[in-house]
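Coming up is one lone chain in structure tokens, specifically the form predicted on its own.
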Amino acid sequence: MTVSATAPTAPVPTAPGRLPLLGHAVPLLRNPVQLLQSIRPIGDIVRIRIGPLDVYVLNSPDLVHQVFASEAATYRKGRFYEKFRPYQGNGLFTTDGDEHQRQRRLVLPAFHRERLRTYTDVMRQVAADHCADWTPGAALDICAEMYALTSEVVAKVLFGGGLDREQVAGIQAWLPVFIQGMGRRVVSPAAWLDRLPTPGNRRFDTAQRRLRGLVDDLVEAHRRDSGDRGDLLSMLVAARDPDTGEPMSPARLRDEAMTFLTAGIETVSTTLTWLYHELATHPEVEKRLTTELDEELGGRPVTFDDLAGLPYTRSVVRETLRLHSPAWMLMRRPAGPTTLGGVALPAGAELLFSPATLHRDPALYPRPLEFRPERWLDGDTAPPPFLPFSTGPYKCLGDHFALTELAATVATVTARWRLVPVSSRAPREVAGAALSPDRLVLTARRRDA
């Protein structure tokens, strides 16, 4: 896509390292977070080029708040979401404007407090059953373990008891291929590369086809039996537009289900993997965490009402989301010509913001690369910007669901197991649809041994 631009009224620095024709596409593909972190000191707005496209990177928290929250009505979601739409459809993640707000009102009841209370029981039981199968002393692929755990949680919350084992296995097998393929396509400078008959592209096409077919079958089953099964999809089937009284179409139900599958599994599984890496390398944090769990729960299963009384557990979750923000890139586009931070931008200009780099800015977070959950327990200072789920009217609707699942899973697994390092190798960050670790292997040890 080519964007025409007029000259800005204030000079906008361009990131170093631009190549002819490609611009900054090479470092953006190789290590985008490193590139975006390196240009934060250059200015509040810094220009990068992706092929022929100018992208304006927002480094100022005030400008981010202006674009994403206080003046959000004058911006659209932009290129990042447009590149997702052919694969994810028109769910909450990709839509904007009135369409997004209308759909948001229909989906919101599925995340109300009483529903979260019910979902917490599912989260706890799945976590307990999953780690019950671990063998003491076994080396565990934590990326795979957390992915399997969270995919079962989301599948059961989304579809209830309507899934058989083959369908759960299909989600676990094909969803990673689908998500990784979408992540590559978002930063690809040339769409034609995605249409070449390569093994990777064919595998992505197969994953997309199978996932959509599976979700279509489940949507149809829920529409035939439209009673409230206690799961999220049955609530969406029963939802009615307050203005027209119309239900969601089968295509829209599928798109929302696909949105929840991709966002709900990838974000939480990635965060849990990073969290157990940090616990394994910070025994003093693990000791304080287990002390809180022992004192507050006394060995009984965690409930939704318990979570408010676990401040250190929630701080460990928040610190993981800060240091390892799954969302490394969000974009917006002004609906009309505008001036931002003294820079004149045309309608259609692409704006980029990185929660991951904002959360590692030493001007906002002292010693930002250190894992210190205690920073969230200091009530004497105003908290710095914390935006793992974005902000404003397009903020992730499942933020409380994710925070609840993270805390409930940590309380359940950590009460039973210690996960200790196999080697001193630290995971490498891989920027796809989320900022994921490349690999993490830990040894399982029972806490009661």
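What you see is a predicted model, and the numbers here were worked out from it, not measured in a lab. Start at 1 and count along the sequence shown; that's the residue number.
Just so it is clear, the following notes concern the form predicted in complex with a small molecule, a form of the same protein that is not shown.
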Listed residue (Leu63, Ala69, Leu397, Val420) with a non-hydrogen atom within 4.5 angstroms of the small molecule in the model of the complex: Leu397
Answer key, the small molecule contact in the model of the complex at 4.5 Å (heavy atoms) among Arg318, Arg104, Arg212, Arg185: the residue is Arg104
In the model of the complex, is there a heavy atom of the small molecule that lies within 4.5 Å of any heavy atom of Phe111, even though the partner is absent here? yes
Does at least one non-hydrogen atom of Val122 fall within 4.5 angstroms of the small molecule in the model of the complex? no
Would Ala327 count as a contact of the small molecule in the model of the complex, using a 4.5 angstroms cut-off between non-hydrogen atoms? yes
Counting only non-hydrogen atoms and a 4.5 angstroms cut-off, does Leu406 reach the small molecule in the model of the complex? yes
Hey, of 48-56, 386-394, 412-420, 28-36, which bit sits against the small molecule in the model of the complex at 4.5 Å between non-hydrogen atoms? 386-394
Identify whether the small molecule in the model of the complex is within 4.5 Å of every residue in the set Ile179, Leu323 and His359, based on non-hydrogen atoms. no
